[in-house]
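First comes one chain, alone, set out as structure tokens in the form predicted alone.
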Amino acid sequence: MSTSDDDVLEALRSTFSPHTLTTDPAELDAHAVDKGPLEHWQVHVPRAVVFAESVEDVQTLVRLSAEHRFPLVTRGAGTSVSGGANSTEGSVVLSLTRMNQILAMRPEDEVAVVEPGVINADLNAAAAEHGLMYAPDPASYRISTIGGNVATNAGGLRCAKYGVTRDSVLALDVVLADGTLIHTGQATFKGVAGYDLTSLFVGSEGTLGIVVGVTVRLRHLSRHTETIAAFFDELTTAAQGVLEIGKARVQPAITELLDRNTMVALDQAQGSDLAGRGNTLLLIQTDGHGAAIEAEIIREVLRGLGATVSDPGSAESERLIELRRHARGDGIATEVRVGEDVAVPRSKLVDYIRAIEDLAEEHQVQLKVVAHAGDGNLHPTFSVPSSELSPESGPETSPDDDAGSPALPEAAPVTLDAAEGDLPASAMSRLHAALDGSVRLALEMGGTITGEHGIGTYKLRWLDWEQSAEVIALQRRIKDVFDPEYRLNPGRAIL
């Protein structure tokens, strides 16, 4: 049983200085939630927040957690959109944002060593000085931390060519549940000694250990890029264009798809005129010395499908890449929405989009589709006007109200469960029926319930749809080995 609040706080205050420990109510509230979907009754204010400044700070706090048996929730910038860093009942929050140093930059080896609180964009800026880049680039790259990216195995726009976070992590320094510090992996691109514990920790959402150091692989920063904007009259034709590019044996660095409703929302928020130029935008970027050649091949392919394609050297195309990073966060204030992060095999991309269009029509909800189309990772969002919700079925605050759900990067799905007794045909029931249906469709097509956002708490309800009871039981046994008392980020990632 967890030690009382008074005893825990006394132990923390006797160990950490006021500079690194806070019980200030405003700070506790700020660290109680991440950007994931959350009802007000699910919010648990932590007992305290510890801002670690060293590996030793982390080890000390973990040992206190073991001694006093309180749960420990580790977080970086709090940009998780699946509820992976929400504070749990009786927990202490460990913030790693002050561990934000780039410890080593070795350009000749194409390797960097960083603390977990380093911002993704800051690492990229430092690498760029040496003609290099850190490839994973989630939409939140300007504020998300490398430690958080590791925890969720974050993706981004460049994944189809350069892979997700796991493909750029070579080694980790990890504090285990008993305070032991271990090092996994190696500083070389190749290395197969023993089990691949590094990959096991990547994407484990802080449930197996606390990452305090990351050795990452860097890539050459291309001197040449070509960006193509292709507007289509029809969504599934644009999706077919992704497959046709592959048949032409071209591997773009970025292949993004935005449907009409997404472009309308962007136009309203950003002052652009995308929706007036077509019903679907396929946004593609090639890189490397052959960027111009590959781009011309792509233009020819897409024109053959009837697309209106931007000319070489278009300055606007670069701005569209930045607009894409806002494509899910620019919602409409008068709508209530739920959305997801599924992935399907690329060969099923067209079929999946057609199927969820039918699903939206069946449940009488609106649909927006944004996709990392190059790797089959889609973010479908279903919505209804908030006016359709009765006072009984709606939230106590609007989904854009800071007192309800926090501002959500990439417009994370806002969970607003219908109140008990609502009719099955209510707006919220329709929304959740469409959402569940979209997840089942992805699985039926050989896909997954999460491409890049992780399970957190929000997607636990779907995990056994994808994984067998035997696989889930095996994962529990792994958790038992690393964290037998279930103190590290409890209730996340596994059932």
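Since this is a predicted model, take the numbers as computed values, not measurements. A residue's number is simply how far along the shown sequence it sits, counting from 1.
What follows is about the form predicted in complex with a further copy of the same chain, which we do not show.
Remark: H453 counts among the residues lining a further copy of the same chain in the predicted complex, judged by a heavy atom distance of 4.5 Å or less.
Interface residue remark: T207 is counted as part of the site for a further copy of the same chain in the predicted complex, having a heavy atom within 4.5 Å.
Using a 4.5 angstroms threshold between heavy atoms, Q268 stays clear of a further copy of the same chain in the predicted complex. In the predicted complex, a further copy of the same chain lies within 4.5 Å of some heavy atom of D167. Residues placing heavy atoms within 4.5 Å of a further copy of the same chain in the predicted complex fall in a single listed stretch, namely 246-254, out of 89-97, 352-360, 246-254, 228-236. The single contact residue among S429, T448, S54, Q42, judged by any heavy atom lying within 4.5 Å of a further copy of the same chain in the predicted complex, is T448.
The partner is absent here; in the predicted complex, the one residue of G213, G156, G78, G278 having a heavy atom within 4.5 Å of a further copy of the same chain is G156. Counting a residue when any of its non-hydrogen atoms is within 4.5 Å of a further copy of the same chain in the predicted complex, the hits in 166-184 run R166, D167, L176, T180, I182, H183.
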